[in-house]
Structure formats: structure tokens, C-alpha cells
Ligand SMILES: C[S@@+](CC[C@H](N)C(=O)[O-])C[C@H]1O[C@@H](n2cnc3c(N)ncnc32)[C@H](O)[C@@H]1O
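What follows is a single chain, given as C-alpha cells, in the form predicted on its own.
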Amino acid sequence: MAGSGRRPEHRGPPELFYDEAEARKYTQNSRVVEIQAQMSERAVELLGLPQDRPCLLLDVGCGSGLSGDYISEEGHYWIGMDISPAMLDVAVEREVEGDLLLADMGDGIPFRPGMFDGCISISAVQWLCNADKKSQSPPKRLYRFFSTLYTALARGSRAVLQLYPENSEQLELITAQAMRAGFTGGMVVDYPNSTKLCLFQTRAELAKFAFQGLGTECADGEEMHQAKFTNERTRFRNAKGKSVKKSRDWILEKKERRRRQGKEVRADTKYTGRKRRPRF
């Protein structure tokens, strides 16, 4: 159920909208892949994760694992959940590095308390604002999602949700249920006229939560990793000092991560990462 860079139309529940054909079409679209990578980069940046250790993240509405690919490239571990079996089938075929769970986020986050260091969600949460059955209540489903997510996150960690609300009422509904569940935070304005980024944080003991500029310094000289709420449009920053995607070094790093996870990986050779000559 991850984002495609366009406002999705509501055509029934997502598990039916993203059938096998739509799931493959979605994942093979180069523009979708590029936008998904940008959104994922921005979301992970706003999580403010520590630089000295890998973290375990939850990807809600992980779809075919496009956002999870970026998480893996950053050296973190992740678990993805999605309501679409077709999307998860594509993720399995792509051999993504995260673990996958078929589940409806509106039924709650089924993980033990304090399990995750952060959560991202790319274009998924707005689906909870729609009732596909008479028995479904959007406010109740949103509260169940946020309250169980709050429990599953470690103290002081964050959730960054990119979404496409149909109107301001939907955005207010989402924010209200998040606050009711215990989160603090609000909306980060990157693209005022289209996509919305919501940053929520769990309360931490003796922690002063203040929205300040990314990279600003505290009084004691320590660098803060907070988000600044502004009306200015900001650009996605490219990661520095990292291997170029699809290069030999990038491939070797990915294979090494898979080995550490106990997965079977082909041996490295002089041909690893080498482009094949075009066939006549």
C-alpha cells in the first residue's frame, strides 16, 4: 500500500485495489520507484535514528518492499506489514531483506511493547479514513492503530507517516486520534499542495520534545535531530559517503548484510556487479 507519488483514488479496500496486476505494475514503474525512495529517505531522516548502531523499524503498508529497500541500504532491520497479499507476494519474489506480515493496520499493530526503534509509513494511513464495511468506524480504526503503534514503539521513538488526505478533515481526524493515543507532534510541510508528512513521537522520561531545525545544536553542544515545522518547501538530500546504488560496492554490502541474516547468498567473484554486454 506504499505511495506512488500521486493521490490514490478510493476504489474499495486496498487488498482488492492492489491485485496481482496492479502490484506488479506498481513495482515496475520507474517513477514510482524513484518517488518511493525519496519519500523513504525523508521519512527515515525524520526518525532521527542513532548513527552508531542498527535499529529495528516497522514499515506500515510496506507493499512490495520498496521503502524497505532504503531501510536495508541504511544498515537497519525492518518488519513490514500490509493488507494486500498480492503486494507481499511481489516483495517475496524480490527477496527483500525485511520480514513480512499480512495484516490490517486498522485491527492494530500485533507486536510486543517497545519492540521498534521507529516506524515509517508511505501513503497508507489515509486508507483508514474510509469505511469499506458498515461495521467499520474510521475514528475507532485510527485510534486502534495509533494506540497499538504507541505501545509497540520504544520510549522516545518516532513514527513518520507520509499520506495523501482527501481533505483537511481527514488530516485533522488522523492527528486527533494520534494525540488521543498519546503521541506528540504534528505535520511537517515539505510539499504543501500534495503529500503530507506527519511526525509523531512517543513521550520519553525527562525528555524535552521541541520541534527545531534538523542539525541545530543544543546548549550543551550536542546535535539535535528534530524536525522544524515550516511552510518552506525543502529538497530531499542525497546521502553522503554511501555506495552508489547498483554499483559493485553496493551489491557486495547488500550480500554481506544478507549473510549476517543467515540467508543463502552466491559467492563473490570478479564478475559480481559487472554489467553484461548487450546481446545482438
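Keep in mind it's a predicted model, so treat the numbers as computed, not measured. Sequential numbering from 1, following the sequence displayed.
The form predicted in complex with the ligand exists for this protein as well; it is not shown, and the discussion that follows is about that form.
- Shown here without its ligand, the chain is overlaid with the ligand as it sits in the predicted bound form; three or more ligand atoms lie within 2.4 Å of backbone or C-beta atoms, and the site is blocked.
- Although the partner is absent here, Tyr70 is not a contact residue: none of its heavy atoms lies within 4.5 angstroms of the ligand in the predicted bound form.
- Put simply, Asp104 is close to the ligand in the predicted bound form: some heavy atom of it is within 4.5 Å.
- The ligand in the predicted bound form is not approached by His76, whose heavy atoms all lie more than 4.5 angstroms from it.
- For the chain shown alone, Lys196 is not a contact residue for the ligand in the predicted bound form, no non-hydrogen atom being within 4.5 angstroms.
- Every residue in the set Cys62, Ile83 and Leu128 has a non-hydrogen atom no more than 4.5 Å from the ligand in the predicted bound form.
- In terms of contact with the ligand in the predicted bound form, the residue from Ala124, Leu149, Val160, Ile174 that brings a heavy atom within 4.5 Å is Ala124.
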